[in-house]
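The chain below stands alone and is given as structure tokens, in the form predicted on its own.
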């Protein structure tokens, strides 16, 4: 690597260097609030550098790409990291989180997300994905006093290790079939005579198992509700938003191969999309635990993104990235509300715990309502615009029946989203438990997410134009 190569990784190096410094400082004089504020400052600095800097190189060491696409996602994941630390301000202090380790792990996770989004090689793809996974294995069980954390961490670790094995074996077979690890050349190289070679079919199957686990696609989604339920709320928010979003950001450049020789696997991906949608919405309908409801909700939303991914072209790619941005903001804000409502005794769990929230905390009730409306795809929210472009891209690509299935799934999902909204505004007859007082960083993070959800829903054109610009060659 040259100094010019390092210049293309400045935002990531800021996150990495800041995480190491905080981790070292935490061994000598830990101070939770100071470290959280320092982590927020580091993440926002990296976000600003990614937004305003330009890279002189197009690729680093043949593994990571540079340019507007990479800068955009580096800025997004840094912003999500800052918001995660903001909603952790009171939450982690009450649970006596080790400040140096916690802040460093969140920043390291953002580094992994950035590397994954920048991957131009299967080596970079694997390194970024595993850097994310290793951090989240620890973050999932960071609240050691939680009775649910050990089970969640063990399931995530064991199933994640199996998925990693499939992914590594799939990458090895791709290299054996094509002789290259470059993306998307490796994918297109598995086609001979207009058909995928037998070794390539096995490689793609292995690769899909690993990626399907990370994205909670059917039938690799079984870990999702248990891990979401057992992990701390801020960690779950980052896991549901940034972790899955970074995988999709790395997958978008591979979508071009689906229109060529890789078209043989499109029917399989269509079936996965429909089964993922159906599983997510139907399982969420019967949930009484808020985290499990949001977990199955995330499964269905990955099905929506897969529909846009299959649509291909600039329209489909723009729909994927736009939806990633809006979904990440909304789902992180949703778990931010849970973190703000938590007390030292625990988080709100049952849906009935939210009954009468509008009369006890109008701000959090309004924010939660906005997020639920967006997840349901109700107009004037970012989620509505995101789903509209997904269905539009599907119709334009000739996948009208998939768009219809997505619309039906969205209508069914209103059953569990609006049920929670009704409970929020329904007065309680019993004496409710006292609400925790949320500190300013948490309130600011939730308010930022809710305002951005409305702004993008009402004025989506700037973000759509920007996404189209970073996708243009």
Partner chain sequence: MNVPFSHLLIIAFLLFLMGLASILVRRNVIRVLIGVEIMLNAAGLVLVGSSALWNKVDGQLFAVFLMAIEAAEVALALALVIYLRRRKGTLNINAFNEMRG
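Computed from a prediction, not measured in an experiment: that's the story for all the values here. Residue numbers count along the first chain shown, from 1.
Same protein, other form: the form predicted together with the partner chain, not shown, and the subject of what follows.
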{"property": "Region of this chain that lies against the partner chain in the predicted complex, out of 93-101, 223-231, 69-77, 324-332 [heavy atom, 4.5 Å]", "result": "223-231"}
{"property": "Heavy atom within 4.5 Å of the partner chain in the predicted complex - the one residue of 350, 161, 366, 314 that qualifies", "result": "161"}
{"property": "is_contact(residue 180, the partner chain) in the predicted complex, heavy atom dist at most 4.5 Å", "result": "yes"}
{"property": "4.5 Å heavy atom contact, residue 310 and the partner chain in the predicted complex", "result": "no"}
{"property": "In the predicted complex, residue 126 touching the partner chain (heavy atom, 4.5 Å)", "result": "yes"}
{"property": "Residue 146: touches the partner chain in the predicted complex, heavy atom cutoff 4.5 angstroms", "result": "yes"}
{"property": "Contact set, 81-97 vs the partner chain in the predicted complex - heavy atom within 4.5 angstroms", "result": "none"}
